[in-house]
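Below are two forms of the same protein chain, given as structure tokens: structure 1, then structure 2.
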Structure 1
């Protein structure tokens, strides 16, 4: 014969086992999933770096870099009227100790201007051991996350050693890992016990379903008589007792924490950096994407208003870098850092001071396919964008945003 109690216990155990089953962690953040034209014409990140890729629990890591809000912002994407500098990691592997945008604290959400450049710094403290792919990330209200370059970072040590202490304005030093938890649990247990006692008061009155159902039907309009005076007295005591405890706990909390403030929700506006183009103008005359060769080819009309000759050293878009090693070099930081170390070539040589010149640029790499940028030609808005980096002989850099329509070449 079926043992009901045993079956119920087994079902509960099965449920708990299901709940606590291991879930595999996500190791990517959808960096290739968004439409290519959106990745190339929204937020363009560059100079992103991390201070270390291996650290222990309680040690700090700093991520720095710059981002440019593309001048030809897609109409269908909300503008960054409200945005928040974030970090893309699977859960709080780190705690964010500080974040700065142009030196201003990034604790609040921020308004940014299209066509402007900002630099950022995020200081993170390692909290739990893990190997994670960490991204710079900008959340834009009504638009969504705009993900920046990622780095593999490994944290070693023991999470139990992690502490996150701060001192309040009332002079108390607290650990945010556990602060207030014992108090909250205490109240939940207290009210849980009262609730359990009340439920058991009814359940222990014997079988409660069928007999009471039959009695209700039998008594009809007089079914309220099933509630005894004692039952009602229990209700009265419970009502008054609840009011008393709630009132006491409310005023006692005010006594214990006399200085409190509401949650803070202010937003700030941060002025942009000076123009990174430094007097260099560049305009796309025409652009083609050669499908068989996986190459972007564009003609660039460049005007050099600086005092030195300049050369084209890099094109970057959608967190991918095409380098011209004759001018500027870079190596992939790790296995998931898309850098085409010799992906950029161009005809035209140096642009002299005061000169306007047409450069024929070619950016080639398998990344067009592997990072799904070649899909641009199938996007509803097949215009590309990106940043080109010019360097003078002393290594000074001019960063110029370029973009325009892109024509595919299939044969």
Structure 2
């Protein structure tokens, strides 16, 4: 029996050693862990960019872009009745100075409409040196964070030089980095001492927790006899003292800060942008994902109601862009920006004004596997989504949302 235990322990130790030696470094971004349908059929981001990728402490950075709430919203995901625009950054590298959605302040939670497009702008101020991968982010109540495209940004300088001053409504200039810090530390120490004293009192009364619990079970209905008159007096003093201190601190704070405004918890509704399709309609007739070739192939019925011929230049889904270099070009912003510069091809040519034509589109790239979008074919509701971008002869762009069932092909 002893030999068997030793053998099992040696096997466990060997497995742990193998995992430790051969485990790959964790360099993947968190958005890859989200389900493929969640990234393709909820919030579709595009035109996301930052004003600079290198700045110093106290300098400002602006992130701008657009997002579309996909019309074929998954039934198991809460709709954006309450949502908040945010920026995903690992640590307090920036402070947010302002945020806007369609030009309206985005400091409040917002209600959005499915099937509509919105434009955003967030102004950040560099707080401490770091090199971070920052994302546009939308927090949706009961659905969680919906992550947008990311950019690598480097902040240089010294955190000690950071200044975050604001002028209050009463004309007082304060530094938000240190304002109220001493007061918060004072009250934490005060209540910490009170709590420690109360805990020590009971510790010196004898064994607590498990021994005392056993004694309570043993005494049954007579367990109250364990509480002495002194214990009751100490508890009463603590109760009355707590009420006195809380009441005094309330009136003292009101006297020191007579002008206050409650934290704003209201919700706003922001009108959507005009239709970005600009008269172009597109409908998916059929779609399949070719597993060996790592390619999405779909037939697109396109109707051009504009006054100029249009061509298909781009397909965007899950923050990945497949480009048709004959129509539109884009280079990756950095080494982690997923852009398939020549990943889109199609048959059908230009769609003339007033014409309806069937286009055979192919989007090919290893990103289907590396970004785990191919997992879509194993979902019980295997459907895809995304945005297609059409361009006319003058470079004007029409953005159309498409989606539908997806059939896997294994040959």
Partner chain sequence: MSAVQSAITTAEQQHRIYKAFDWVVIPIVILVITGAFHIHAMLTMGDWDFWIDWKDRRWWVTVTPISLIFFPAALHYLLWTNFRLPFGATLSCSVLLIGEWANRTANFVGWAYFPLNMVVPAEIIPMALCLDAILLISRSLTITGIIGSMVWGVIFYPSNWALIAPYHVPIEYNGVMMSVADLIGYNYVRTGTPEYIRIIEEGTLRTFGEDVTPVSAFFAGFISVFMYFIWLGIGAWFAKTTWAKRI
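Whichever C-alpha set is largest while still superposing within 1.5 Å between the two forms counts as the rigid core. No experiment lies behind these values; they were computed from the predicted model shown. Numbering follows the first chain given and starts at 1.
The form predicted in complex with its partner chain appears here as structure 1; structure 2 is the other form of the chain. For residue 212, a C-alpha deviation of 2 angstroms or more is recorded between structures 1 and 2 after rigid-core alignment. Once both forms are fitted on their core, a CA shift of 2 Å or more is seen for residue 187 between structures 1 and 2.
Once both forms are overlaid on the rigid core, the distance between the two CA positions of residue 167 between structures 1 and 2 is under 2 angstroms. Core superposition gives residue 223 a CA displacement of 15.7 Å between structures 1 and 2. The Cα position of residue 252 changes by 3.3 Å between structures 1 and 2 once both are aligned on the rigid core.
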